[in-house]
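The chain below stands alone and is given as structure tokens, in the form predicted alone.
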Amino acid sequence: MKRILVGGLILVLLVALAAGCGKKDAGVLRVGTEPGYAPMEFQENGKIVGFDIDLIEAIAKEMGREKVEFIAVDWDGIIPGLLNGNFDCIISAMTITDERKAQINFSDPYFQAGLLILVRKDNTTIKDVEDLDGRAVGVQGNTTADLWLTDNMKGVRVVRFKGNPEAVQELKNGGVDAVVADNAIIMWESVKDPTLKVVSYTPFTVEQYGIGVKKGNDQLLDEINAALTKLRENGKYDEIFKKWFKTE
């Protein structure tokens, strides 16, 4: 009888411990991001910051999560990481595309984006996207910039880099004639470095960013969408936007 009671007590303790761990884990939102895409997500003083970072933290708070854990990952590994369960969701300036929707689900769009061209300030020959023909153009590999140029500009020599910072550095070094990336990134780089300029502030593509969630995780997706809607309604989204982007 004593053995049975001890065993029962151990079983009760294990169940209680498991329940406590589950509750703790439920309070943490694990987020995958590629922090080389300022001002959306980037490293500053050893911390990941940016528009996306502030937004997902506000979403998590609205969802009742106690903490957000950011997991930095290379761009090429970000969707595989989500599929492998390394994190719960992705926020990383990820454009919603049919190809990506075949692999993962997306939240409602949270940011309107589009491609722009960055050149050195002394460049007077590249004035629009057609002028990229015959040029070497730097992009972050496997992004919409890479895919769009590859599919639509056969005369362009697409030079792929691990991240946009490397592409921009090669532009400064004279190794490429231009860099193509999303509008937020291009405008950020042009403001940060006066030796660079934006060819035109009108994007030549229309894109929307979404938060990526593993297929089948419908509850998390619904919670993210509900929180995003609430942040738009209560003005918090606009507050975060104005922090990172000029609105005048």
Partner chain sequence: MKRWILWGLIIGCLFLVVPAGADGQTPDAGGQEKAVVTVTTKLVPDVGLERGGKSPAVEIFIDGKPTGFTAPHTFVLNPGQRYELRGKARGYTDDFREISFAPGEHNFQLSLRLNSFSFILYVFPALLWGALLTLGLTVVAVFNGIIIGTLVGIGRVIKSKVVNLIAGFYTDFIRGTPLLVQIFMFHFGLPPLLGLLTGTDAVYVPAIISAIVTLSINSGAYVAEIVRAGIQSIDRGQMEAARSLGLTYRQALRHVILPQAFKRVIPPLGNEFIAMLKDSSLVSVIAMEELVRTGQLLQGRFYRSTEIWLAVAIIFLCMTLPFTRLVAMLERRMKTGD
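Positions refer to the first chain, counted from 1. The structure displayed is predicted, hence computed values, not measured ones.
Form predicted together with its partner chain: not shown, discussed below.
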Partner proximity in the predicted bound form: D131 to its partner chain, non-hydrogen atom cutoff 4.5 Å: no
Any non-hydrogen atom of K215 within 4.5 angstroms of its partner chain in the predicted bound form: yes
With the cut-off set at 4.5 Å between non-hydrogen atoms, does R135 touch its partner chain in the predicted bound form? no
Just checking whether Q169 would be counted as a contact of its partner chain in the predicted bound form - the rule being heavy atoms within 4.5 angstroms. yes
Contacts from 161-200 to its partner chain in the predicted bound form (any heavy atom within 4.5 Å), listed N to C, are F161, K162, E166, Q169, E170, K172, N173, G174, G175
